[in-house]
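As structure tokens, one chain now follows by itself in the form predicted on its own.
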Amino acid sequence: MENKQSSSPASFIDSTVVPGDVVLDLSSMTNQTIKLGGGLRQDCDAISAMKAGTLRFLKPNKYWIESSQKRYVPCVEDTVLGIVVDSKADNFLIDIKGPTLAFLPVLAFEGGTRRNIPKFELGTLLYLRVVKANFGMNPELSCTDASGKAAEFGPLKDGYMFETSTGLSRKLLGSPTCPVLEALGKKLSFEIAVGLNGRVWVNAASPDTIVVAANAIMNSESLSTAQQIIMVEHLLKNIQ
């Protein structure tokens, strides 16, 4: 069976694709630099799908396949929530829900030197950035942004972490704001960190707020915009 060919870069955007579909033809995209996200691979001038899902595009030049799954496949520049599972002389070993453990170099922090190596207890939750994700190798992580600044990365203290599908994680990080987060934000004050690896952390002054926010997010994946708003209103009645 022949693979479907794309006549233009926009042909498959926001459409369902399956493994083997050629979604982009680089020979027709001269003088353009693109970034490939999860679910895509390059073979000469052909960019093809490696998994079933929806092809997404983010300006100016990033493409990826969005799908809802529990298993996470690391991709460079993904932001993830990781759990420290071991500590070595040069690296921390981190569980990011991927096929293998990832490693976080002890110097991968803003101003990191051998004199100020951070100390993390096993089980510490960290907000991280994927900097290397080569096939067959353990992913490499960092606690800085691309400019070397700590930004929002680092340990997440207190609060509550729960797991979702990777598809829901992308929706929560999407633009415009996900309806469930917009509805919660109008009534509640809370912090949230979302990892593209299907983990979400929420924190608030009140335990009731944490419970409501977590339940609303976990229940939202299969609901329409209107249903998400109604669901949030129902949950808010429990803390009024």
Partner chain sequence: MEKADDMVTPGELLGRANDLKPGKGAYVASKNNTIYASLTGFRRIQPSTPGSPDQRPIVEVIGHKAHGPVPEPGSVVIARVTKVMARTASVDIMCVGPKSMREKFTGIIRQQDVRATEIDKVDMHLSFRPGDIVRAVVLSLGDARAYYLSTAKNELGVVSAESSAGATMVPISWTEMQCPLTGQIEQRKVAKVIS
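Throughout, rigid core stands for the largest set of C-alpha atoms superposing within 1.5 Å between the two forms. Remember, predicted model here, so these are calculated numbers, not experimental data. Positions refer to the first chain, counted from 1.
Form predicted together with its partner chain: not shown, discussed below.
To test your reading of this chain, name the stretch in 211 to 219, 51 to 59, 34 to 42, 178 to 186 whose heavy atoms come within 4.5 Å of its partner chain in the predicted complex. Selected stretch: 34 to 42.
Of the residues 152, 90, 158, 86, which one places a heavy atom within 4.5 Å of its partner chain in the predicted complex? Only one listed residue qualifies here, and that residue is 90.
Have a look at 137, 107, 122, 146 for me and say which one sits with a heavy atom within 4.5 Å of its partner chain in the predicted complex. Only one listed residue qualifies here, and that residue is 137.
Would residue 132 show up as a contact with its partner chain in the predicted complex if we use heavy atoms at 4.5 Å? Although its partner chain is absent here, residue 132 would touch it in the predicted complex, with heavy atoms inside 4.5 Å.
Need the contact residues for 175 to 206: heavy atom within 4.5 Å of its partner chain in the predicted complex, sequence order, or none if there are none. Stretch hits: zero.
Rigid core aligned, does the Cα position of residue 40 differ by 2 Å or more between the shown form and the other one? Shift at residue 40: 2 Å or more after core fit.
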